[in-house]
Each structure stands twice: as C-alpha cells, then as structure tokens.
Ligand SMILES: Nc1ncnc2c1ncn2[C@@H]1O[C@H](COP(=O)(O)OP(=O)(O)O)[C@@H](O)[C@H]1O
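Taking the form predicted on its own, here's one chain by itself in structure tokens.
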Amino acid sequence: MNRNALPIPENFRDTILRCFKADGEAWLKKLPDLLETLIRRWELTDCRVEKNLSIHYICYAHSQRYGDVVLKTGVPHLELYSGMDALIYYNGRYSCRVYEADREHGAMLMERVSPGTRLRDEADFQKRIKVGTELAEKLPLVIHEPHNFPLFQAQMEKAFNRARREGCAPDAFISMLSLAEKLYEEIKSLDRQKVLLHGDMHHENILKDAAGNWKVIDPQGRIGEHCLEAGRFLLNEWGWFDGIGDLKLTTKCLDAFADALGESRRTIASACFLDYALSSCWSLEDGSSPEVLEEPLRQMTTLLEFVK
C-alpha cells in the first residue's frame, strides 16, 4: 500500500506536538513508514482513518484473518501501554479483543465492535445507567502477578501537586483538591481490594455489537479501588445529559452505582468527586484555560451535599 493513502491530519499533528514535544515530532516523522509496515505485516485492506483523532492514530480496516479491525498506534508512553495491557487482560470479556500487538512500536490490531452504537446515543436514562452499572461491577479484575499499571493514588498525587505548584487554578479549585485527598484517605481506610480499572469508562467508550452486547474500548488501565470505576461514567452522564446541579437525578445515579458495587452513596459520590478533581488537573496540563474548571466546580459543589 502506498504510504500516502493514509492521511495524517494537521490537527492531529498539532495535538501530538503539543502533548509530546520532541518525542512527538520524532514519532510523526516515522509514522508514514510505520503505518505502511503494519498494514503490510497484518495484511490489511480498505484502510480509512478515524475522523476525530486524539493522541492516538486510529484507522479502520479489513483483515482477511480477523475481519473488520481497528489499527491503533501512538507515541510510546505509559498510557498507551497500560491501555494495551488492560485490553489484553480483559481478553474480550466485556471489551473489544486484541488480535495482534507490537509493543516496540506501540501498535495493536483490535476487534472492531460493529455496528458500534455508542452508549451516548442511547436516549433512555435507565438503559444508560443499567449498562454503566453492569460494566462497572463486572469489568474490573484482580491482578495477581507483577504488572506495570499506574496506581490511581500516584496519578492523583502527581496531578494535584502540579496543579498547586503551577498556580493556574483558582483557590476554590485548589481547596477542592485538599478535600479530594481526604476523601481518598477515607476510601483507603476500609482496606478495599485494588483492581484493574478501565479508568475512562464513559459513554463514547462503550459500544454495542451485533448481538446486542455492550463492550468497552480505549481503557486507560490503572490500579485502584473498585468504587473508582463509577466516577468517569457519572462525570460524563451529568455533563452530556444536563444533570449538573440536579440533586434528584444525582441521587438516582449515585444510588444505582452504590447498589451495584455494594457501596454507600457517600463512597460513590466521593469517587465522582475524585474523578472530577483528577481529570480537571489533566485538562489544565493539556493546555486548557482555567475556564475549563467552571463546570467541574459546579458539579463538585453539588457532590458536597453527599460527602459532608
């Protein structure tokens, strides 16, 4: 296949350079040859690039051996490998399968979930919550052998310390970080078992296959307490479906996940609070202006009603 058949969009180049600096620039220079090599090695045809690329290069293709597939590659970094390893551990259990992996080049060939209806396109609130609670309950795994997955606690400490050090966030948000640390200490104090979490289990990373099964894609892969899996899902549920500040709706969501995971409403609220705090810090690190904190601060304030 001619290397020019797969485009490398300018906005994708800009994102890679912003996020990975010199490493990203070096990787972009190698990307055309890498794509050509992977397509030839894995015998792919009908390749077409994903329209909305983030920090990973995604293309859809057909494999004579596996059928419809997704080729994913990116600048080698911890999150790329932890996501790859998480899918390998899940082994198709509530997730897309990994058919081939090339760790040296940070690439993998995965099952394409078809038709791939996103949970975000499901209009029924009860159906969305049912899918979210079932996946949050059943997807996390206990990892018994040595591993290289990042720890939620370490990610939190690093992000919070950087936010305080750089001084970009308003005082109201910094005070929320202190509360988040106290809430995590409370979660830790009950000595819950740590598990492999998806870490980014929101409605666009949950797709329906032809048999009607919902499967996750694009895990971050991190180790933490099981209750933490609820945070990212509910963060996006409220953000995408106009639930911010609605105490009645928030209560319904928290109670659904509390029942599924055998936790208290307060614990699930704390998990959501922690996810808002961590993801907001990451948004600042990615170059977003402090205005990006306005919506999380509103919802974190709502969650204070449940964690007092």
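The first residue of the sequence shown is number 1, and the count goes up from there. Just so it is clear, the structure is predicted and the values come from calculations on it, not from any experiment.
Unshown form predicted together with this ligand; subsequent notes refer to it.
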{"property": "Distance check, residue 82 to this ligand in the predicted bound form, heavy atom within 4.5 Å", "result": "no"}
{"property": "Any non-hydrogen atom of residue 282 within 4.5 angstroms of this ligand in the predicted bound form", "result": "no"}
{"property": "This ligand contact in the predicted bound form: residue 60, any heavy atom under 4.5 Å", "result": "yes"}
{"property": "4.5 Å heavy atom contact, residue 37 to this ligand in the predicted bound form", "result": "no"}
{"property": "Residue (of 205, 155, 133, 236) lying close to this ligand in the predicted bound form, criterion heavy atoms within 4.5 Å", "result": "205"}
{"property": "Single option in 113, 177, 129, 107 placed near this ligand in the predicted bound form, where near means a heavy atom within 4.5 Å", "result": "113"}
{"property": "Contact segment among 67 to 75, 166 to 174, 179 to 187, 145 to 153, judged by heavy atoms lying within 4.5 Å of this ligand in the predicted bound form", "result": "67 to 75"}
{"property": "Residues in 86 to 104 close to this ligand in the predicted bound form, defined by a heavy atom within 4.5 Å, in order", "result": "96"}
